[in-house]
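Below, in structure tokens: the form predicted alone, a single chain.
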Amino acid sequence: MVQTYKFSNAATDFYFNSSLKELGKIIDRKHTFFITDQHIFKAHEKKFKGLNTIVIPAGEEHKKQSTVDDIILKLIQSKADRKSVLVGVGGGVITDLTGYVASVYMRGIRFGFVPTTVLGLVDASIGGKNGIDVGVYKNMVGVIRQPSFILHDLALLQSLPQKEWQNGFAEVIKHACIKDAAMFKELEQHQLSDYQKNKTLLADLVRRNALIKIKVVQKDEFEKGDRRLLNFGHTIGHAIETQYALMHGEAVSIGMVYACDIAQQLKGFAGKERVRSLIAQYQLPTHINFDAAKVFEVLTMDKKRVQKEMNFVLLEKIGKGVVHPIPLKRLESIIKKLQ
């Protein structure tokens, strides 16, 4: 069943707990180009049979301009025009790239997503942020443009390695921390294996997380206020992710623990140990030894910086995140003491 959610300039159709087979009812396959990576293509090769498919190398290191150029050249060679549709089948790297290419090719063509990771389902595919990395600076170039549709086929998760399951649950924990204390309690009562074994439990969790993000984006599509809360754990997380070759969820998990540490110092937050414990319960890291000077240098180029302040997301309590501006000089001294 389709549910449509309106944003400021567009609407996105969500097909929750659906199937890839339903795609034929949404798009004309003859005029559609599927973008995926080598891992997804290999795991689901039969599903791509007979489709116009562009396969790119897997990994965050390929979320860059040269990959965009390669995809666009293939679209030109295949005579893709303004009525063509792009469909990104994959995790956050694929959805980010697909949305970006669709937004700039011929000044914008229609696109949709079929997320194949937990992270993609609950976070990366939703909200219209599309873009690429520039060196160690994550998502430095991009646009905000909503996909026409997002289709959830949970059967695609069956080929996911364990690490990718853990990676996605970092964003689930993030949503619980900033917006949903009841979901935080539910996560405390379960293990990752419970969601892997029980499709109904997983489908409910995925939908609940998707709705949290949808509502935040509807309220603040262009990140002037409430949408900044979705960056909880991401400020330090992004600064360590590329430098230390971490998966996104690993970096965000560590970033959330450090953000709780800062919240404890600046806002008297009392739930740091509960957050750290839940992250560990879902087999995610809670600490890394990092070079504070290098991390701070990357962090100062974060998009959340406004002149000499960083808009840092902290917790007042579990289930309630707030944006707290921190002067850069003070933040530098705090980061040095986080080790």
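Residue numbers run from 1 along the displayed sequence. On a predicted model such as this, the values are computed, not experimentally measured, just so you know.
This protein has a second form, the form predicted together with a further copy of the same chain, left out of what is shown; the following refers to that one.
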Contact assignment for a further copy of the same chain in the model of the complex, among 291, 45, 69, 61, heavy atom within 4.5 Å: 69
Please identify the residue among 139, 242, 264, 218 with any heavy atom within 4.5 Å of a further copy of the same chain in the model of the complex. 139
Can you tell me whether residue 151 touches a further copy of the same chain? I mean in the model of the complex, with a 4.5 angstroms heavy atom cut-off. no
Quick check on residue 204: any heavy atom within 4.5 Å of a further copy of the same chain in the model of the complex? no
With the partner left out of view, is residue 212 within 4.5 angstroms of a further copy of the same chain in the model of the complex by any non-hydrogen atom? no
Consider residue 81 of the chain shown here, and say whether it contacts a further copy of the same chain in the model of the complex, taking contact as heavy atoms within 4.5 Å. yes
Partner-proximal stretch of 123-131, 189-197, 155-163, 265-273 relative to a further copy of the same chain in the model of the complex, 4.5 angstroms, heavy atom: 123-131
Are 107, 143 and 306 jointly within 4.5 Å of a further copy of the same chain in the model of the complex, each by at least one heavy atom? yes
Neighbours of a further copy of the same chain in the model of the complex among 31-67 [non-hydrogen atom within 4.5 angstroms]: 31, 65
